[in-house]
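Only one chain is shown below, in structure tokens, and it's the form predicted on its own.
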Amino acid sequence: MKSIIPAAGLGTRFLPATKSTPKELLPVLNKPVIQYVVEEALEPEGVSEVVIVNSHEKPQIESYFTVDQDFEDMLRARGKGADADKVHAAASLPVTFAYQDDPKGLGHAVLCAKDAMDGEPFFVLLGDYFVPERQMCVNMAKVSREHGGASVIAVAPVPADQVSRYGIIAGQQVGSLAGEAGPEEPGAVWKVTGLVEKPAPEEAPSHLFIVGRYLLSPRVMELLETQGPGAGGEIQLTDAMQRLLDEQEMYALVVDPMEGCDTGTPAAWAATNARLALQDPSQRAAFYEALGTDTI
């Protein structure tokens, strides 16, 4: 099994910084965002490789995941062996690349990785959001196994007045991973009957939005090959998933929205850096000192 990370976008929200540095390589503490996502993508049992769907305009990402022996030797010669080990570990992660040089939507990005999927189920992880504890995809795989290998998506509750900003699921709760989770509580498992893109509040079938983590049947790749343009004139992954529901079951796992870290906007990226600095005992005191305070 493999995981796909779409990463071909221009990162326009971060311009001018992303003119020369892909947004996926912007650091959260001492690692770029995409390394957190790759490590998360490799966490579920059976995932052997991550395919990053990149653009040829962003060779820096491929360079990051390529061993640079001269650089490592230089670090070791300067007595920075621990740093060299970190650089080598990142560059040695099992990452390959597919390319999307003419972006036509998320569905098109996923389809660009089709030849690498070997006709097997696959994960899709959006690259501007990562889960530090790396258990979201692990739990999704568990739900899939418990339901005959069905597709599973991660969802989280959103206030009723915000449903029009997201893709919302329709369906009903059919169980929970552990305990007696309520319908919108973490761990609740839903059987999905429909996917509604940005519904009006009065028309929303639930208050659960798709978080950006998918475990999908290989049939989705076949459907994407014939998927026409949808919202925004782009090939939408949710449109192919809606067609999949006519043929196969699909489930959703409710997750805690605070389980993950958003880096999709400058404000969210800055907040994620602050959040992880406060959670890291080796960084917390220095972070407070840099702010000129001993509390927030």
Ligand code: G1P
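C-alpha atoms forming the largest set that superposes within 1.5 Å between two forms make up the rigid core. All residue numbers refer to positions in the sequence shown, first residue = 1. Computed from a prediction, not measured in an experiment: that's the story for all the values here.
There is another form of the same protein, the form predicted together with the ligand; it is not shown, and what comes next is about it.
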Exercise. Closest heavy atom of residue 75 to the ligand in the model of the complex, within 4.5 Å or not?
Worked result: no
Exercise. Does at least one non-hydrogen atom of residue 130 fall within 4.5 angstroms of the ligand in the model of the complex?
Worked result: no
Exercise. Can any non-hydrogen atom of residue 86 be found within 4.5 angstroms of the ligand in the model of the complex?
Worked result: no
Exercise. How about residue 214: is it within 4.5 Å of the ligand in the model of the complex, going by heavy atoms?
Worked result: yes
Exercise. Quick one: of 143, 113, 124, 210, which gets a non-hydrogen atom within 4.5 angstroms of the ligand in the model of the complex?
Worked result: 210
For this session: Have a look at 263, 54, 236, 35 for me and say which one sits with a heavy atom within 4.5 Å of the ligand in the model of the complex.
Result: 236
Problem set entry | Stretch in contact, per heavy atom within 4.5 angstroms of the ligand in the model of the complex, of 166 to 174, 90 to 98, 182 to 190, 114 to 122 | 166 to 174
Exercise. Taking the ligand in the model of the complex, which residues along 79 to 113 bring a heavy atom to within 4.5 Å of it?
Worked result: 106
Exercise. Hey, does residue 197 budge by 2 Å or more at the Cα between this form and the one not shown once the core is superposed?
Worked result: yes
